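Starting off, we have a lone chain in the form predicted on its own, written out as structure tokens.
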């Protein structure tokens, strides 16, 4: 991203009440997912951007306006910042109807135009015809649509979403994902989504900032961060399962899972211990009915240790024969049935080299045999 595209810049440091050492940036039309374990400081960062909390040190800049400067001389309060904020629990006024809840954010609009604008945002969030109802008469999904309409009614410079889907059921969540994706295609402002749901991150966001214990660990595009975590610790925090300690020899061959693998990744790592991430998409199951050339690459003999139903898929946990290691990936139910996959059954798989990512060693291991 070039500097002209960056419209929101944030750098925050403090030690109390929660330690922060966070840096992020977001451009026009971009949705950045701010993610990390519970208690990592995500909501505090959002509150700092909104002006609801003043970090001890740091900088918040939106477009050409400084909302907080590094010297501590400038701090613009929440009312003066054009920020749309959607809370986890909606935060609607129970004594006001839907139209009034949205109109309250339109203090910058006068007269009859206020109702017209409010109705416009309700229409955009699929709440037309519900304008005279009170929040108690609405479902969770409908209340969240009203909260989004109210946030957008401010015509904000930044849209902040604080775990907006966590209070609704899965079916409603999927509908809201689709609606938000449609709405954001017409928004030319930076958007920050706070969530700990990695599926949500991959479905909605363009970029990702991972924080833990109040500190930025890695940020970048979704593809770069998810596929190329900088450390094994980051990989685990992102939800990856197939992480191993291995050895890299002088010929750039990797010894892992009881076999040697020629890697495709260009790496500056020296010989010896390394951490390895194997993407689930790089694991290919050998099929008796339709063998492929991919099965010749880095084959492994395994035994099915566990099968867990995950919607239309089975999540398989395989013991790699001859080792103490396991590997996990998903297959669809019909593929599992066609290939007679069952617990304790034998299964051959292959690991594609292009789906292997190397990281610095998390811990020491024995030298290559």
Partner chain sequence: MAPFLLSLKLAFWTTVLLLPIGIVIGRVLAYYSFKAKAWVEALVYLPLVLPPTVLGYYLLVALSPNHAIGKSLGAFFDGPLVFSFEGLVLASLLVNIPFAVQPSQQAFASISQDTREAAWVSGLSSWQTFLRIELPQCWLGILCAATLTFAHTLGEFGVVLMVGGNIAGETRTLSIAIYDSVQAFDMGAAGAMTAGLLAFSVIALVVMRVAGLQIHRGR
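Positions refer to the first chain, counted from 1. If you're wondering where the values come from, they're calculated on a predicted model, not measured in any experiment.
The form predicted together with the partner chain exists for this protein as well; it is not shown, and the discussion that follows is about that form.
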Within 4.5 angstroms, counting heavy atoms, which one of the listed stretches 87 to 95, 184 to 192, 269 to 277, 226 to 234 is next to the partner chain in the predicted complex?
87 to 95
Even though the partner isn't displayed, in the predicted complex is residue 145 close enough to the partner chain, meaning a heavy atom within 4.5 Å?
no
Residue 105, heavy atom within 4.5 angstroms of the partner chain in the predicted complex
yes
Answer with yes or no whether residue 78 is in contact with the partner chain in the predicted complex, where contact means some heavy atom within 4.5 Å.
yes
Is residue 154 close to the partner chain in the predicted complex, meaning a heavy atom pair under 4.5 Å apart or at it?
yes
Partner-free chain; cross-checking the partner chain in the predicted complex, the single residue of 304, 50, 55, 327 with a heavy atom within 4.5 Å is 50
Pick from 246, 282, 176, 83: which has a non-hydrogen atom within 4.5 Å of the partner chain in the predicted complex?
83
